[in-house]
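Here's a solo chain for you in structure tokens, the form predicted on its own.
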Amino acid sequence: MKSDAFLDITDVVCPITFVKTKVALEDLDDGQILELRLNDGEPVQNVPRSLKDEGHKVLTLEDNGDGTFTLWIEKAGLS
């Protein structure tokens, strides 16, 4: 899958993971794709759910097999 931007948040913990993700999405236009690398545990449980709650579309979540996941998010037009 092709993304418009990439963000690695494996070096931060919740709730900063979601804050950094939101900031990255703000730089994108509606419909663009953010590729996000995050850790197993709290981040992979909370970030996708929070993004869905805000109206963004979680396209896919892949287990990288090393304790991290890659999440693709489509930015939604929020009014």
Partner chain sequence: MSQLTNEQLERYSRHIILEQVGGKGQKKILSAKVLIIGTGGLGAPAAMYLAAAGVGHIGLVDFDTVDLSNLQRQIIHLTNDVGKAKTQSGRETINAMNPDVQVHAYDEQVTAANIRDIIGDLDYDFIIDGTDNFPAKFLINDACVLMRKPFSHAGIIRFQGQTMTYVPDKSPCYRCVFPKMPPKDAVPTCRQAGVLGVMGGVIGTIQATEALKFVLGIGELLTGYLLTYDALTMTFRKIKIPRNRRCNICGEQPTITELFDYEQPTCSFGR
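Residue numbers count along the first chain shown, from 1. Bear in mind that the values here come from a model prediction, so they are computed numbers and not experimental data.
One more form of this protein should be noted, the form predicted together with its partner chain, which is absent from this view; the next part is about it.
### Query
Would Pro15, Lys20 and Val23 all count as contacting its partner chain in the predicted bound form, using a 4.5 Å heavy atom cut-off?
Yes, the whole trio is in contact, each within 4.5 Å by some heavy atom.
At the 4.5 Å heavy atom threshold, is Asp27 in contact with its partner chain in the predicted bound form?
-> Contact with its partner chain, yes.
Taking the shortest heavy atom distance, is Glu54 within 4.5 Å of its partner chain in the predicted bound form? Flag for Glu54 set to yes.
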